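One chain comes next, on its own, written as structure tokens: the form predicted on its own.
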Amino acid sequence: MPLETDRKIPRFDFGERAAHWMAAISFLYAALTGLALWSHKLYWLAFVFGGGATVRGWHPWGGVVFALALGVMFSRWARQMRLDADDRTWLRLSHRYMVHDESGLPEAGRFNAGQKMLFWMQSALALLLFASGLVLWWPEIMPRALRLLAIVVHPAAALGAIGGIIVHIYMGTAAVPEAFRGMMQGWVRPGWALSHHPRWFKEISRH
């Protein structure tokens, strides 16, 4: 089909973008202040954010804001993130996507299978972070066994989430540059939509 190259395809509305960037900023704050509290070698980060006492007081609130923003994203996107048969095929052939060879890959909808898997992984890790964070926030009222478990779970989940976010940033900027415009300005070009999310593009083009 002929493409109008100057046409702007709506990708994310204002509410989706606002929730995404609130989650991103609060996660970055919680991650960096958490690393400062986790290792004495990274404690210099505490001085960047106002000192040790400030970091200890505000780190949990960064986590609360992140959980709330992620909750909004979850309510908006959870149904669209369900994996179907095409997604499972896409995952089996995902190595092709990584080397920019998309031959044989099922057409992606609004979100491809990799984005869906990252969404569910980050949601699960966020739940672990929030639950273990509450235990560490009020240790005096928590059973000793729960405190010990939280000491292990919280940093492990944090490291997993940080790793996932690094992959997300790379894929949304260096690997697939125009994806970033979709989250910044809310729109993408028809050629990009047809190339990266063809099933979604065809669906919205019918309306």
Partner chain sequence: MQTVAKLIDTTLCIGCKACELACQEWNDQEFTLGVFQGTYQTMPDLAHNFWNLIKFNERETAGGMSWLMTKYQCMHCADPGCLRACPAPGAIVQLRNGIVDFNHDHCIGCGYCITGCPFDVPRLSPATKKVYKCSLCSDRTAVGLSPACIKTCPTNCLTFGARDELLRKAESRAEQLRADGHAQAGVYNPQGVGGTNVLYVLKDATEPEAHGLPKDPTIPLSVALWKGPLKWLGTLTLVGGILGTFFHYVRFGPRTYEGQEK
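Please read these numbers as outputs of a predicted model, since none were measured by experiment. Numbering follows the first chain given and starts at 1.
As for the form predicted in complex with the partner chain, it is not shown, yet the points below apply to it.
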task = Report whether all of R17, L28 and L128 sit within 4.5 Å of the partner chain in the model of the complex, measuring from non-hydrogen atoms.
result = no
query = According to a 4.5 angstroms non-hydrogen atom cut-off, is G191 in contact with the partner chain in the model of the complex?
reply = yes
message = Can you tell me whether I162 touches the partner chain? I mean in the model of the complex, with a 4.5 angstroms heavy atom cut-off.
response = yes
key: A124, heavy atom within 4.5 angstroms of the partner chain in the model of the complex   = no
query = Is P155 close enough to touch the partner chain in the model of the complex, meaning at least one heavy atom pair within 4.5 Å?
reply = yes
ask   = Looking at the partner chain in the model of the complex, which residues in 14 to 32 have at least one heavy atom within 4.5 Å of it?
value = none
